[in-house]
Each structure stands twice: as C-alpha cells, then as structure tokens.
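So this first bit is one chain, no partners, the form predicted alone, shown in structure tokens.
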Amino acid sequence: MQLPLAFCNRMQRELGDDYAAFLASYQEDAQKGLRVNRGYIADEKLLPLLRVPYEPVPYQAGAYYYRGYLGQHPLHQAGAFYLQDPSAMLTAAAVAIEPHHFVLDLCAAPGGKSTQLAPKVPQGLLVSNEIDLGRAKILMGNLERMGYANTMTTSLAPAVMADLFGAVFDVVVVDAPCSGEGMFRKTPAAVDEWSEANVNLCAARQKEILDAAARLVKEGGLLVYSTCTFSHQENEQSVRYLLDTGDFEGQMPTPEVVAATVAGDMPFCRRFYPHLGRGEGHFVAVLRRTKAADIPPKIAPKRLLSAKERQATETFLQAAAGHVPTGELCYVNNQVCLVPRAMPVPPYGALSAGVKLGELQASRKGLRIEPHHMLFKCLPLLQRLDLAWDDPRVAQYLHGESLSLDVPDGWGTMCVEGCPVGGYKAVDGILKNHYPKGLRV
C-alpha cells in the first residue's frame, strides 16, 4: 500500500521511534470484530455455530476478534451478531451509560455504534440520526435487523436536531465524519481520497457539528467525540474548540479505555494505533457539560390513532401476539408504530420510532394491518417456526421462497436458532414468505 507522502511525514514526526512499527502494521490484514446480540442469543450458543477462530475483545462485553467471512451467514441475516471494527467499539465503551439514559447517536450510519448503544439503555431511549437520507435508511435497516425497539431513526441536520430536541440527552455521541486516516488499511479507497485540503475541510465541518451537539447535552450530561483519523486538527483541536466555550470539561473515560494512548496534555482524550492494538486507527474524547443549556424542545404531541384504528390494531396484536404490548400507538410516516410513551417524535425527519407494526388498510371486513418486517423482529408472536442455521429451508426462506409445512394458519415468525429472521403467513400448509425483497439473498 502506497500511503500519501505528506501523511507519512506527519506521522513520522509525531511517532518518532514508533513510526517503523506503525508503518509495518499496514502490511498486515485489518482486524475483524463482531458483537453478539445478547437479546437474541447467548455467546456460548452462537460462537460454536460460526465455525471461525475467535478471542474476546477486552473492553466490550459480548465482542470478539475473529478471522474468516461471516457477512452472508444466516445468523448475521437474523441479527444474532453485528460486524464491526474492534477499535470502533471503543466510542460506546468510553462512558458508563445507565439503563434509563436518553442517548443520541448524532452521526450514526451505518449503525455500528447505535447497535452497541441500544442494549445499554433497556429502560431508556436511543435516537439514531444520520443527515444523509440514503445512509439513514441503511442505519434504520441495521437497527431493525438487530430487533431494537427502544430506538428512533431520524434524518436531520445536526442544527435542526438541536432546534427540535433541545438539551435533553444524557449522552450525545458524535462519531464525526473525518478524513479517514485510521481506515487506510481496511479501506484502501480512503488513501486515494486523502488530501491535506480534505483534512482542513473535515475539521471545519466537525466544529459545525459540535456546535449543534453541544446544544443537545443536558447539564451534567456527557458528549463523546470520536473519529477514525490521526489528524490533530480533527481530533485534539476540535475538542479544544468545544472546551473553549467554557460549557464543558474533560471527563476521564471508562477504565477499559484509559489504558489506551493519552493524547497530548488532555488525559480524557485517547488515541488508538494499529501497531499498538488490535484494530484500526481511532480517537475518542469524553466531555461533561458543566453549565445548563436553556434550550427547550419544540416537539409537538404524537399523531395518535383514532379509536377505530386503535381497535383494529389491538385486535390484530391480540390475535398474533396474545397481548397488546405497553406503549403508545401512533403514526410515523403513515406506518403504525408502537412507541415508548417517553419517546418524543419530531414533527418531521423521523424515519421510524419504536416498533413499526405495519400499515392500516381497508378491507371488506374493515381495517386490517399489513405487518411490517420490524414487527416480526421485535415482538414475540404466538406462532414461531424455529430452524437450525444450516437447515436448507432457511436458505429457501432468505431467498424469498414459499415453504410447504404443516403449521396452523395465521401470521408467524421464522426463526433461526431462536433468532427471529422475518415473517410469514401460513395458509393451508403453505408459508407465504414476508421476508422483505430488499433483504433477500
């Protein structure tokens, strides 16, 4: 790999005697990592089924280094695990998040950090935002695949997020767009896109994002700033920019992250180099808001269902799931969603919230629900068909085929090793496939 000369010269000045080892690390393969979705499956059940060598990642429970290829594994399709660079896991691991916290992942696509944050707040809420609509849809798909019901996906500019939500979040994560220097080994295309001009452009953009992010953190709340680059302009100088406002102070990261390299004279900043750890280049800083931000939210009440619509939805849930789960039934983009009562839904920009149940449609018998994929991923239905991961019928299902099986008529969930993959409707011994066309293998 031919690294940019200006980049090499800078890293040589910064690393000194360590530069040779740093440079040699680019001749090695990128380190792969996965995180187990413990809401679906236990580590001890999943790992032997993957049939790849693995070792635990020390700073994130349920995370493992591995070698091999797992992207098309049926259990990956089912959301039993998420593939993520191990060093990228350090951002969400840098702070102790409480189960009830209200958390924002401001630059969230494709979803690695959001899928790591969601299970940390089982009694709380996570808002995952991505300004680019195409990438936001990928983010939403990954959260759906993992079955996280306590989340909302938005596609809004950071400044608009601040205007709408105000300073309400206990933790705001800013994994900022950057020049990607830390990803050269994993993504060679980043080498061709690198330039000193782009570094300057990214640093300016990061300050704009931090201006908005600061307005979203409540007093005493935490802001976690991270990048996958080595540039001081994009890292320490961006952090210093926020400290100079006088509203924030440095906060030491969790003990697992403290062991990383201290960044200059700011002990709450941590750098991760590929020659010193198992992963790609990364930077993390933790700051605490010390002054109140008097920014009230501007979110209107949710658009709730009418009595007739609610009755039709509850009748469907009672028949399919045996009960009506706790929450509010409301509309988000014409989809009926089951939303936690405490979750604020902005008047625009929300792609999903809570569990998408489906679309209400008129029929001869009245209103009926056409179920959404997320319903099968998040709600335990009365009827479930569970197959082993290597059962040929799993491949048929993922391909979009109907199956002939002697099961009761009605809606059900197709599962692999206990993990919900998607839905089906059984009619006279035929399982009509409801796995989304865009996900089919």
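For every residue, the number given is its place in the sequence shown, counted from 1. Since this is a predicted model, take the numbers as computed values, not measurements.
Quick note: we don't show the form predicted in complex with S-adenosylmethionine (SAM), though the next part is all about it.
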| property | result |
| --- | --- |
| Partner contact for residue 141 in the predicted bound form: S-adenosylmethionine (SAM), 4.5 angstroms, heavy atom | no |
| 4.5 angstroms heavy atom contact with S-adenosylmethionine (SAM) in the predicted bound form for residue 182 | no |
| 4.5 Å heavy atom contact, residue 170 and S-adenosylmethionine (SAM) in the predicted bound form | no |
| Non-hydrogen atom contact residue 325 with S-adenosylmethionine (SAM) in the predicted bound form at 4.5 angstroms | no |
| Contact residue in the predicted bound form, from 146, 109, 269, 350 (heavy atom within 4.5 Å of S-adenosylmethionine (SAM)) | 109 |
| Contacting member of 360, 164, 199, 176, with respect to S-adenosylmethionine (SAM) in the predicted bound form [4.5 Å, heavy atom] | 176 |
| Output flag, 113, 158 and 209 jointly within 4.5 Å of S-adenosylmethionine (SAM) in the predicted bound form, heavy atom basis | yes |
| Candidate stretches 269-277, 244-252, 185-193, 201-209 - the one whose heavy atoms come within 4.5 Å of S-adenosylmethionine (SAM) in the predicted bound form | 201-209 |
| Residues within 4.5 Å of S-adenosylmethionine (SAM) in the predicted bound form, restricted to 364-400 and counted by heavy atom | none |
